[in-house]
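Here you get one chain, nothing else, as structure tokens; it is the form predicted on its own.
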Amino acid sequence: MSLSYDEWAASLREGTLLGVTCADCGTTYGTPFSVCNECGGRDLDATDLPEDGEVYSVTTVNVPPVGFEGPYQVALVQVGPARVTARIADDDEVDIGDGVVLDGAMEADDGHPAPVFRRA
């Protein structure tokens, strides 16, 4: 069973990370995909992702876009076999290799949620 964006967003709002895994090559993504980037397969199944992970890369946004207060950190978090782009909780600061756990979701005025992680 594939995963739609609406299903992914609803799950994130409930505190669960979902991804998709390619049935042909086993590659896992942290967001919905309709075609596997690795092999071109179209049989992608929804999969639960762990709520804890490790910071793979991180950057600090010192000049935030309109509607956001800064500075804040955005990280690429390795969660099991997938990587997820996430905001780091405002009261935490992380570095590459730090352990983090899912701390909910933030939602801007556009109604699209983004995962938020905090230091483990």
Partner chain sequence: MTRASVVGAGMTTFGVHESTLAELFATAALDAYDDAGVGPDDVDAFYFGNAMGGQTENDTHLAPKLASEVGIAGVPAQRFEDACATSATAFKNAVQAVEAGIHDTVLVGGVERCTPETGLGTGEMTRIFASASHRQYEQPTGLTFPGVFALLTKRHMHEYGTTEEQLAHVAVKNHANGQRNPRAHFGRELTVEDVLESPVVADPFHLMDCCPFSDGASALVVTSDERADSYDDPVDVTGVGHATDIVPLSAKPVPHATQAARDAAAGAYEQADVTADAMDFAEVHDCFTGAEVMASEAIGFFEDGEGGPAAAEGRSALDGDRPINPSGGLKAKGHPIGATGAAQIVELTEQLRGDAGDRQVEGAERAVAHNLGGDAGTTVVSVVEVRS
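Residue numbers count along the first chain shown, from 1. Remember, predicted model here, so these are calculated numbers, not experimental data.
The discussion below concerns the form predicted in complex with its partner chain, not included here.
Within this chain, residue 84 lines the site of its partner chain in the predicted bound form, having a heavy atom no more than 4.5 Å away.
When its partner chain is considered in the predicted bound form, residue 39 lies well away from it, no heavy atom lying within 4.5 Å. Heavy atoms of residue 80 never reach within 4.5 Å of its partner chain in the predicted bound form, leaving it off the interface. The shortest heavy atom separation between residue 31 and its partner chain in the predicted bound form is within 4.5 Å. For the partner-free chain shown, 68, 72, 74, 75, 76, 83, 84 of 67-84 come within 4.5 angstroms of its partner chain in the predicted bound form, judged by any non-hydrogen atom.
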